[in-house]
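Next up is one chain by itself, shown in structure tokens, the form predicted alone.
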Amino acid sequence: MKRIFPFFIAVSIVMTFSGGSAFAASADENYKWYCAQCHGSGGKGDGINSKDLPVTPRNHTNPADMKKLTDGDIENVIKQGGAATSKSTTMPPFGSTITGDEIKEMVKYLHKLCNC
């Protein structure tokens, strides 16, 4: 018991001073968990659910398509979902699911996918 207690204190200190981000998922992990089912693991819009959707998911590897979007546009659609941006209503909002920092990292990850 004496050895476990310092561990819990250390974890509490890290969580207090890091704003809870010590256990934040990477953009790659979040993309695979939340996005790949529709957008595909490689981001080409060919995820396992894509064939059942009324609108083809965006191809995140298409530089011409992705360059039309500002970082703010991308953040907004991730936070508020497709309906909030006049896009597909089947894309859910993730603003309550992933943190603001994780969303910013996701924007960077999407830029890497499209080589923008």
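In case it trips you up, residue 1 is the first one in the sequence shown, and so on. On a predicted model such as this, the values are computed, not experimentally measured, just so you know.
In what follows, reference is made to the form predicted together with a small molecule, a form of this protein that is not presented.
Trainee: Out of Thr90, Ser26, Ser41, Gln80, which one falls within 4.5 Å of the small molecule in the predicted bound form, going by heavy atoms?
Mentor: When the small molecule is considered in the predicted bound form, the option within 4.5 Å is Thr90.
Trainee: Taking any heavy atom pair closer than or equal to 4.5 Å as contact, tell me whether Thr56 reaches the small molecule in the predicted bound form.
Mentor: Thr56: yes, in contact with the small molecule in the predicted bound form.
Trainee: Evaluate Gln37 for contact with the small molecule in the predicted bound form, applying a 4.5 angstroms cut-off between non-hydrogen atoms, and reply yes or no.
Mentor: Looking in the predicted bound form, residue contacts with the small molecule include Gln37, since a heavy atom lies within 4.5 Å.
Trainee: Does Thr85 make contact with the small molecule in the predicted bound form, using a 4.5 Å heavy atom cut-off?
Mentor: Because a heavy atom of Thr85 falls inside 4.5 Å of the small molecule in the predicted bound form, the answer is yes.
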